[in-house]
Ligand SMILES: Cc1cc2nc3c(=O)[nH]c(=O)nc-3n(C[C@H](O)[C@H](O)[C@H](O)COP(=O)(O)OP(=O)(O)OC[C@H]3O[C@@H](n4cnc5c(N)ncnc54)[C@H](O)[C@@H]3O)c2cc1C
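Next up: just one chain, as structure tokens, the form predicted on its own.
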Amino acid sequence: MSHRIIVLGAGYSGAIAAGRLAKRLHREDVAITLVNAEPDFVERVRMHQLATGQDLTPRPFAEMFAGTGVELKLAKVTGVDVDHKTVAVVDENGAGQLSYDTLVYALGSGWNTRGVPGTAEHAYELASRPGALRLRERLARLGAGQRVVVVGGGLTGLEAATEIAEARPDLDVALAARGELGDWLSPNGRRHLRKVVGKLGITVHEHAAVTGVEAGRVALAEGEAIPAEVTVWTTGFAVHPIAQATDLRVTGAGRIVVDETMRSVSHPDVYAIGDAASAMGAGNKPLRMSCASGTPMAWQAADAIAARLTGRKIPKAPLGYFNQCISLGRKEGLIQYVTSDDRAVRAVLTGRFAALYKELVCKGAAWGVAHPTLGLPVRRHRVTREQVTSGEAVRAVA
């Protein structure tokens, strides 16, 4: 009987964790199952490109995990019972149930309407591939001079607005930000951002509190409105409600609270990574929802699980940031260097070189999914019979 490890979700975090576990442990000792609703990897950081008509490289999981020992289960997760260690799923054959000894929860997040009236009915989202494809089809039907409003001045909003404006210079593109444009950036970063936005002809509405989305317009506080044939909603992400329906300890936003090894503080056989987890980084600050957070979280969780199962020392590395990479269309970019706790410093990289830098980061993230150990030599360790059945480290076998 093998120790059963189930990984829920095959985004950046889940796919990396599954592959890294397969590299760390002998397949004779563990059964690793990766559960995902789609058969291929979605490069979420490129959804703004997909929406503007660009085609992305297909990355089938069947090819990525061929020969690794990871079993791909194509199914939608509908529930988790942490007391009985089961996962409820629905696949092509109907409803079913999977049992686990160790669970890695990596179901990620979706768009966050923040309860603003009309958003779900009238706005488009970029948090998923289906959402990006719906927006792609809608943008393709717009005629010259028609108006697109991107709501949200964060990273996703900036990338969406600049990508659309560059790809469709015939459209009237606007960006509605709750604060000042790029207010978290350094002065050098803000100056470059305003320069690019101005060059692309994007109208910026700062300190714009959106109170509703309607057909043909975005309503603001105090009765004002911005005309819009298409509204793109990018005001952050919300996690799936599955974890909140369990006995796991979660935050008010439904993210699973974990320790420094990404292990649930309430259920030691559950690990959570990526957007679904609430983990502390440098400066004792919560890690933000991002690929930059999810990848090292996946490394930490996989290495901790492998160490505990084989009785070895658990590696612990502080999780911090180095920079924020923002694409501003295909020809411009902005790399804002930050402290380890994600505060902007003076240094920035801009222009075409920054765009190339961001492209390399995106390619590197996708490469890391297929190469979860970053090309480093990895020695697989054996799991003893006691560990297979208990899930706890007893002794290591060389």
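Everything numeric in this text was worked out from a predicted model, so none of it was measured. A residue's number is simply how far along the shown sequence it sits, counting from 1.
Another form exists, predicted in complex with the ligand; not displayed. Remarks below refer to it.
Stretch-level contact analysis of 136 to 144, 166 to 174, 189 to 197, 240 to 248 against the ligand in the predicted complex, using heavy atoms and a 4.5 Å limit, identifies 240 to 248. Taking non-hydrogen atoms only, residue 279 never approaches the ligand to within 4.5 angstroms in the predicted complex. At a distance threshold of 4.5 angstroms between non-hydrogen atoms, residue 36 is in contact with the ligand in the predicted complex.
At a distance threshold of 4.5 angstroms between non-hydrogen atoms, residue 80 is out of contact with the ligand in the predicted complex. Interface membership of residue 182, defined by any non-hydrogen atom within 4.5 Å of the ligand in the predicted complex, is ruled out. Note on contacts: among 261, 290, 112, 119, the single residue with a heavy atom within 4.5 Å of the ligand in the predicted complex is 290. Residue 126 is the only one of 270, 228, 126, 158 with a heavy atom lying within 4.5 Å of the ligand in the predicted complex. Contact here is defined as any heavy atom lying within 4.5 Å of the ligand in the predicted complex, and by that definition each of 9, 108 and 358 is a contact residue. With contact defined as any non-hydrogen atom lying within 4.5 angstroms of the ligand in the predicted complex, the contacting residues in 62 to 82 are 75, 76, 77, given in sequence order.
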